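The form predicted on its own is given below as one chain in structure tokens.
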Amino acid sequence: MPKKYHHGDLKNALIQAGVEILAKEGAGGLSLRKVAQRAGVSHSAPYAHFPDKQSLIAAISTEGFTQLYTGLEAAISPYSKNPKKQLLEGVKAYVRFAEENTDTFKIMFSGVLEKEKDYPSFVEISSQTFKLVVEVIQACQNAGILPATAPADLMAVSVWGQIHGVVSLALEGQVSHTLLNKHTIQEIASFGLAQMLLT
């Protein structure tokens, strides 16, 4: 039975269908025909929004980064005068996004999007998200919370890599269940971050 969607929501319905197919079958199993079928629309309907498979993947990634950016900004904005709190709350928001949007999260960082520069909206929001992280790291360096021995963007990649690595390992089932029975992903990620802090 075709899924019902409100007028104007076709694009989002197609994006969600794409996420579900990518999560189960990977990029090789994705086609606009399958997306149309899952969304309950005609085979030609997706082409009104997406000329090809890559443009749909770009839309999924762009939407994911938009949600991630919104979540990060909301988490850190109340603490503009407390860089350490911004960093800690930002990490929580990142982990929360990954846990609540696991399929989208995996797609965003999977490398299935080819020729990223062909999609300006994706480039803009992903760059904007990283810039937000760099700003928090810079503030932490200025406050003596993180080492100032490296440029803020380099330190940002190190901090992000630490958190992202823990989250990805956990989501892929690569962290011992014994450990996850005692600690949440949030706690493990926060512990890793704590090892990098000076104060």
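Each form is matched to the other, and the largest set of C-alpha atoms that superpose within 1.5 Å is called the rigid core. All values reported here derive from a predicted model rather than from experimental measurement. Throughout, we count residues from 1 along the sequence that is shown.
What follows is about the form predicted together with a further copy of the same chain, which we do not show.
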**Study point:** Candidate stretches 158-166, 66-74, 44-52, 31-39, one within 4.5 Å of a further copy of the same chain in the model of the complex by heavy atom
**Key:** 158-166
Practice item. Would you check whether a further copy of the same chain, in the model of the complex, lies within 4.5 angstroms of a non-hydrogen atom from each of S110, F122 and D153? Key: yes
Check your understanding: Would K24 count as a contact of a further copy of the same chain in the model of the complex, using a 4.5 angstroms cut-off between non-hydrogen atoms?
Key -> no
Review point. Just to confirm, E114 within 4.5 Å of a further copy of the same chain in the model of the complex by heavy atoms?
Key: yes
Point to revise | Contact of P147 with a further copy of the same chain in the model of the complex (heavy atom, 4.5 Å) | key: yes
Check your understanding: Is I188 close enough to a further copy of the same chain in the model of the complex to count, meaning some heavy atom within 4.5 Å?
Key -> yes
Check your understanding: With the core lined up, does the C-alpha of L22 move 2 Å or more between this form and the one not shown?
Key -> yes
Exercise for review: Classify the change in Cα distance between K24 and Q174 in the model of the complex as closer or farther, relative to the shown form (magnitude of 3 Å or more).
Suggested key: farther
